[in-house]
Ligand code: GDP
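One chain follows as C-alpha coordinates, the form predicted on its own.
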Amino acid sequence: MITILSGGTGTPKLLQGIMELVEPEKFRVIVNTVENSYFSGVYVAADIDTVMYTLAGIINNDTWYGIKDDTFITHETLKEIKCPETLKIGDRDRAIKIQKTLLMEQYSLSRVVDIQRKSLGIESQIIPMSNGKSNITIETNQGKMDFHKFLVEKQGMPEVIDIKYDPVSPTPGLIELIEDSDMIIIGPSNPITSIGPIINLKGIYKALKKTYVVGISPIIADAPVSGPAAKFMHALGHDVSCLGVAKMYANFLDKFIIDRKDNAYKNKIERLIPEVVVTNTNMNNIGEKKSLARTTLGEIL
(Lines give C-alpha, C1' and ligand atoms only; values in the text may rest on other atoms or scores of the structure.)
Protein backbone atom coordinates (compact mmCIF):
# COMPACT_ATOMS: atom_id res chain seq x y z
CA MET A 1 0.00 0.00 0.00
CA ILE A 2 1.20 3.50 -0.90
CA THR A 3 0.40 6.35 1.51
CA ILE A 4 0.64 9.95 0.36
CA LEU A 5 0.84 12.98 2.66
CA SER A 6 -0.90 15.92 1.04
CA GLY A 7 -1.86 19.54 1.25
CA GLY A 8 -4.07 21.22 -1.30
CA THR A 9 -1.91 22.39 -4.21
CA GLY A 10 1.20 20.61 -5.48
CA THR A 11 0.41 17.13 -4.21
CA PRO A 12 -3.00 16.85 -5.92
CA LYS A 13 -1.20 17.45 -9.23
CA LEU A 14 1.06 14.51 -8.40
CA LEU A 15 -2.03 12.46 -7.52
CA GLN A 16 -3.27 12.91 -11.08
CA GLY A 17 -0.07 11.26 -12.27
CA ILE A 18 -0.25 8.48 -9.69
CA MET A 19 -3.83 7.75 -10.72
CA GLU A 20 -2.53 6.95 -14.20
CA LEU A 21 -0.10 4.35 -12.86
CA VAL A 22 -1.57 2.80 -9.71
CA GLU A 23 -4.92 1.12 -9.11
CA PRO A 24 -7.02 3.30 -6.76
CA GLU A 25 -7.36 0.68 -4.03
CA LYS A 26 -3.56 0.48 -3.77
CA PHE A 27 -2.98 4.03 -2.52
CA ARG A 28 -4.47 6.29 0.12
CA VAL A 29 -4.05 9.95 1.02
CA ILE A 30 -3.56 11.53 4.44
CA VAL A 31 -4.57 15.19 4.29
CA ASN A 32 -3.73 18.28 6.32
CA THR A 33 -6.57 19.77 8.39
CA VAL A 34 -5.09 22.80 10.20
CA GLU A 35 -6.66 25.23 7.72
CA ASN A 36 -10.21 23.88 8.21
CA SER A 37 -12.78 26.41 9.42
CA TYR A 38 -16.36 27.63 9.02
CA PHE A 39 -17.29 30.14 6.33
CA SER A 40 -20.80 31.34 5.42
CA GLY A 41 -22.21 28.75 7.81
CA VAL A 42 -20.52 25.76 6.16
CA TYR A 43 -17.50 23.71 7.19
CA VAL A 44 -14.64 24.29 4.76
CA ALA A 45 -11.92 21.63 4.63
CA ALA A 46 -10.11 23.06 1.63
CA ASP A 47 -7.25 20.58 1.32
CA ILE A 48 -9.51 17.57 1.86
CA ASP A 49 -11.98 18.78 -0.75
CA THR A 50 -9.21 19.49 -3.26
CA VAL A 51 -7.87 15.96 -2.83
CA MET A 52 -11.39 14.54 -3.02
CA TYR A 53 -12.29 16.47 -6.16
CA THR A 54 -8.96 15.50 -7.74
CA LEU A 55 -9.54 11.79 -7.16
CA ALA A 56 -13.13 12.15 -8.40
CA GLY A 57 -11.90 13.83 -11.59
CA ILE A 58 -13.90 17.02 -11.02
CA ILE A 59 -11.26 19.43 -9.67
CA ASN A 60 -10.98 22.92 -11.14
CA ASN A 61 -7.52 22.61 -12.68
CA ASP A 62 -7.24 26.37 -13.14
CA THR A 63 -7.56 27.28 -9.46
CA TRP A 64 -6.90 23.95 -7.66
CA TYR A 65 -9.85 24.84 -5.51
CA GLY A 66 -13.49 23.94 -6.09
CA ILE A 67 -15.22 22.05 -8.88
CA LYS A 68 -14.65 22.59 -12.60
CA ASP A 69 -17.44 24.35 -14.51
CA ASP A 70 -19.17 25.27 -11.25
CA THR A 71 -21.65 28.14 -11.04
CA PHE A 72 -21.62 30.91 -8.43
CA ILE A 73 -25.27 31.98 -8.22
CA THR A 74 -25.39 31.79 -4.40
CA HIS A 75 -22.12 33.67 -4.03
CA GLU A 76 -23.24 36.45 -6.38
CA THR A 77 -26.65 36.69 -4.73
CA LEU A 78 -25.06 37.07 -1.30
CA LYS A 79 -22.97 39.90 -2.70
CA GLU A 80 -26.08 41.57 -4.18
CA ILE A 81 -27.90 41.51 -0.84
CA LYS A 82 -24.90 43.05 0.95
CA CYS A 83 -23.71 39.80 2.53
CA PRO A 84 -20.39 39.21 0.76
CA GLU A 85 -18.34 36.10 1.45
CA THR A 86 -14.67 35.90 2.37
CA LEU A 87 -14.34 32.83 0.16
CA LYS A 88 -15.81 32.47 -3.30
CA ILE A 89 -17.64 29.15 -3.01
CA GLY A 90 -19.25 27.54 -6.05
CA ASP A 91 -22.76 26.12 -5.95
CA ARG A 92 -21.85 22.43 -6.39
CA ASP A 93 -18.89 22.86 -4.07
CA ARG A 94 -21.17 24.50 -1.51
CA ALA A 95 -23.60 21.54 -1.68
CA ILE A 96 -20.79 19.16 -0.71
CA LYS A 97 -19.69 21.50 2.06
CA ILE A 98 -23.29 21.70 3.35
CA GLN A 99 -23.48 17.91 3.40
CA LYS A 100 -20.18 17.78 5.28
CA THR A 101 -21.45 20.33 7.82
CA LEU A 102 -24.68 18.40 8.43
CA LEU A 103 -22.95 15.02 8.67
CA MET A 104 -20.47 16.40 11.20
CA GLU A 105 -23.39 16.87 13.62
CA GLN A 106 -23.43 13.06 13.89
CA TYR A 107 -20.02 11.77 12.82
CA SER A 108 -16.31 12.47 13.10
CA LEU A 109 -14.55 14.26 10.24
CA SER A 110 -12.83 11.06 9.10
CA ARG A 111 -16.18 9.23 8.93
CA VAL A 112 -17.76 12.13 7.04
CA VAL A 113 -14.94 12.22 4.49
CA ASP A 114 -15.26 8.46 4.00
CA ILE A 115 -19.00 8.84 3.33
CA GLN A 116 -18.40 11.64 0.85
CA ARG A 117 -15.57 10.01 -1.08
CA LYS A 118 -17.70 6.88 -1.54
CA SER A 119 -20.65 8.96 -2.74
CA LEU A 120 -18.31 10.49 -5.36
CA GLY A 121 -17.18 7.05 -6.51
CA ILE A 122 -13.65 7.35 -5.12
CA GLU A 123 -12.04 4.00 -4.32
CA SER A 124 -8.87 5.38 -2.68
CA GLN A 125 -9.05 6.15 1.03
CA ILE A 126 -8.86 9.81 2.06
CA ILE A 127 -7.91 10.26 5.72
CA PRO A 128 -7.91 13.60 7.57
CA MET A 129 -4.78 13.89 9.69
CA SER A 130 -6.96 14.57 12.75
CA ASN A 131 -10.59 14.63 13.85
CA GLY A 132 -9.73 17.37 16.33
CA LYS A 133 -10.31 21.09 15.85
CA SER A 134 -7.11 22.45 14.36
CA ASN A 135 -6.16 26.11 14.47
CA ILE A 136 -3.27 27.84 12.76
CA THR A 137 -2.15 31.37 13.64
CA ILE A 138 0.00 33.54 11.39
CA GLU A 139 1.83 36.24 13.33
CA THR A 140 2.53 39.16 11.00
CA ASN A 141 3.63 42.78 11.04
CA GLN A 142 -0.10 43.59 10.91
CA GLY A 143 -0.96 41.42 13.90
CA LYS A 144 -2.07 37.84 14.41
CA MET A 145 -4.49 36.34 11.92
CA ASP A 146 -5.86 33.00 10.89
CA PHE A 147 -4.67 31.31 7.71
CA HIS A 148 -7.62 32.33 5.54
CA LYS A 149 -7.47 35.97 6.60
CA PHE A 150 -3.78 36.00 5.72
CA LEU A 151 -4.14 34.16 2.41
CA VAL A 152 -7.54 35.31 1.13
CA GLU A 153 -8.37 38.66 2.72
CA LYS A 154 -4.78 39.93 2.90
CA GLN A 155 -3.67 38.09 -0.26
CA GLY A 156 -0.59 36.78 1.56
CA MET A 157 0.97 40.26 1.56
CA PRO A 158 1.86 40.90 5.25
CA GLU A 159 5.35 40.13 6.51
CA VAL A 160 5.29 36.82 8.41
CA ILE A 161 6.99 36.70 11.81
CA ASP A 162 5.88 33.30 13.14
CA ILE A 163 3.46 30.42 12.46
CA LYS A 164 1.85 28.36 15.19
CA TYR A 165 -0.75 25.60 15.13
CA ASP A 166 -2.50 24.01 18.06
CA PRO A 167 -1.51 20.42 18.87
CA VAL A 168 -4.15 17.83 17.96
CA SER A 169 -4.32 14.05 18.16
CA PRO A 170 -3.88 11.98 15.01
CA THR A 171 -6.95 10.30 13.55
CA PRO A 172 -7.40 6.87 15.21
CA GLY A 173 -5.37 4.26 13.33
CA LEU A 174 -3.22 6.82 11.49
CA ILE A 175 0.05 5.63 13.03
CA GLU A 176 -0.71 2.02 12.09
CA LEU A 177 -1.58 3.03 8.52
CA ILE A 178 1.80 4.69 8.12
CA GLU A 179 3.71 1.80 9.67
CA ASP A 180 1.91 -0.72 7.46
CA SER A 181 2.68 1.18 4.25
CA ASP A 182 5.08 -0.13 1.60
CA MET A 183 5.94 3.45 0.71
CA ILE A 184 5.19 6.91 2.09
CA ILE A 185 5.19 9.80 -0.37
CA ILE A 186 5.57 13.32 0.98
CA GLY A 187 4.06 15.37 -1.80
CA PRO A 188 5.27 18.78 -3.01
CA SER A 189 2.98 20.76 -0.73
CA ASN A 190 3.87 23.61 1.62
CA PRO A 191 6.32 22.10 4.14
CA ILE A 192 5.23 24.45 6.93
CA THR A 193 1.42 24.58 6.85
CA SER A 194 0.52 21.47 4.82
CA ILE A 195 3.09 18.75 5.52
CA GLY A 196 4.50 20.08 8.80
CA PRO A 197 1.24 19.70 10.76
CA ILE A 198 0.98 16.05 9.67
CA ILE A 199 4.53 14.96 10.45
CA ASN A 200 4.49 16.80 13.78
CA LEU A 201 1.48 14.86 15.08
CA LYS A 202 2.38 12.72 18.07
CA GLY A 203 3.88 9.42 16.91
CA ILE A 204 4.15 10.24 13.21
CA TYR A 205 7.89 10.99 13.20
CA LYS A 206 8.61 7.63 14.81
CA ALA A 207 6.29 5.85 12.38
CA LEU A 208 7.93 7.48 9.35
CA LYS A 209 11.35 6.24 10.47
CA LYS A 210 10.02 2.66 10.27
CA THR A 211 8.92 2.97 6.63
CA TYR A 212 10.35 3.80 3.21
CA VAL A 213 9.76 7.51 2.60
CA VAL A 214 10.11 9.50 -0.62
CA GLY A 215 9.83 13.28 -0.64
CA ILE A 216 9.44 15.78 -3.46
CA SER A 217 10.65 19.34 -3.07
CA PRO A 218 7.97 22.02 -3.51
CA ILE A 219 10.75 24.56 -4.06
CA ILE A 220 12.30 25.07 -7.51
CA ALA A 221 15.18 27.49 -8.07
CA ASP A 222 14.81 28.93 -4.56
CA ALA A 223 11.12 29.76 -4.96
CA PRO A 224 7.92 27.84 -4.20
CA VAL A 225 5.94 26.56 -7.16
CA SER A 226 2.86 28.18 -5.61
CA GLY A 227 1.59 29.64 -2.36
CA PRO A 228 3.26 31.38 0.59
CA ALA A 229 5.78 28.65 1.45
CA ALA A 230 8.75 31.01 1.03
CA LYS A 231 7.43 33.51 3.58
CA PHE A 232 6.62 30.74 6.03
CA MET A 233 9.97 28.96 5.67
CA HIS A 234 11.87 32.23 6.05
CA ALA A 235 9.88 33.18 9.16
CA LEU A 236 10.80 29.89 10.85
CA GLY A 237 14.48 30.18 9.94
CA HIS A 238 14.64 27.69 7.05
CA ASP A 239 16.52 28.31 3.82
CA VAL A 240 14.04 28.83 0.98
CA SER A 241 15.50 26.14 -1.24
CA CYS A 242 15.26 22.42 -1.88
CA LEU A 243 18.18 22.09 0.53
CA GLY A 244 16.14 23.84 3.21
CA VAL A 245 13.29 21.38 2.66
CA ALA A 246 15.73 18.45 2.68
CA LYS A 247 17.01 19.53 6.09
CA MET A 248 13.44 19.60 7.42
CA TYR A 249 12.76 16.03 6.24
CA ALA A 250 16.23 14.50 6.51
CA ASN A 251 15.61 12.42 9.65
CA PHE A 252 13.14 10.13 7.91
CA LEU A 253 13.63 10.47 4.13
CA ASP A 254 15.09 7.61 2.10
CA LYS A 255 14.77 9.36 -1.27
CA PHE A 256 14.40 13.03 -2.18
CA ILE A 257 13.42 14.35 -5.60
CA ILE A 258 14.54 17.81 -6.71
CA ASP A 259 14.22 19.76 -9.93
CA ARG A 260 16.90 19.97 -12.62
CA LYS A 261 17.25 23.68 -11.89
CA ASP A 262 18.49 22.72 -8.42
CA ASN A 263 21.16 20.24 -9.49
CA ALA A 264 23.80 22.37 -7.74
CA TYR A 265 22.30 21.31 -4.39
CA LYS A 266 22.53 17.58 -5.13
CA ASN A 267 25.90 16.90 -3.46
CA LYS A 268 24.94 18.74 -0.27
CA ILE A 269 21.61 16.93 -0.02
CA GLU A 270 23.31 13.56 -0.56
CA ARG A 271 25.10 14.12 2.75
CA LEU A 272 21.69 14.19 4.43
CA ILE A 273 19.56 11.72 2.47
CA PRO A 274 20.62 8.34 1.00
CA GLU A 275 19.20 8.86 -2.51
CA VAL A 276 18.71 12.12 -4.37
CA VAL A 277 17.03 12.15 -7.77
CA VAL A 278 17.23 15.12 -10.14
CA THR A 279 14.41 15.42 -12.67
CA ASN A 280 11.74 17.78 -13.94
CA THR A 281 9.37 18.43 -11.03
CA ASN A 282 7.17 20.96 -12.82
CA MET A 283 3.75 19.47 -13.53
CA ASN A 284 2.26 21.57 -16.29
CA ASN A 285 0.48 18.74 -18.09
CA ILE A 286 -0.57 15.15 -17.53
CA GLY A 287 2.58 13.85 -19.20
CA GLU A 288 4.81 15.67 -16.71
CA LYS A 289 2.60 14.59 -13.81
CA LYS A 290 2.78 10.96 -14.89
CA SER A 291 6.55 11.15 -15.41
CA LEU A 292 7.14 12.58 -11.92
CA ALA A 293 4.81 9.99 -10.43
CA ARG A 294 6.78 7.21 -12.13
CA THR A 295 10.06 8.61 -10.79
CA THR A 296 8.56 8.91 -7.31
CA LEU A 297 7.16 5.38 -7.24
CA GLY A 298 10.35 3.82 -8.61
CA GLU A 299 10.66 0.08 -8.14
CA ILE A 300 7.26 -0.25 -6.46
CA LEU A 301 5.59 -0.12 -9.89
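Residue positions are given as counts along the sequence shown, with the first one as 1. From a predicted model like this one, the values you see are computed outputs, not experimental measurements.
What follows is about the form predicted together with guanosine-5'-diphosphate, which we do not show.
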For the chain shown here without its partner, which stretch in 164 to 172, 127 to 135, 87 to 95, 184 to 192 has non-hydrogen atoms within 4.5 angstroms of guanosine-5'-diphosphate in the model of the complex? 184 to 192
Listed residue that, although guanosine-5'-diphosphate is not shown, lies within 4.5 Å of it in the model of the complex (heavy atoms), from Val160, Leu109, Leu208, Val225: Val225
Answer with yes or no whether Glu35 is in contact with guanosine-5'-diphosphate in the model of the complex, where contact means some heavy atom within 4.5 Å. yes
Would you check, heavy atoms only and a 4.5 Å threshold, whether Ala229 touches guanosine-5'-diphosphate in the model of the complex? yes
Please determine whether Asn282 contacts guanosine-5'-diphosphate in the model of the complex, using a 4.5 Å cut-off between heavy atoms. yes
Contact flag, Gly17 vs guanosine-5'-diphosphate in the model of the complex, heavy atom cut 4.5 Å: no
Interface residues of 7 to 40 toward guanosine-5'-diphosphate, as seen in the model of the complex [heavy atoms, 4.5 Å]: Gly7, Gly8, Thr9, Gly10, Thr11, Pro12, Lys13, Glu35
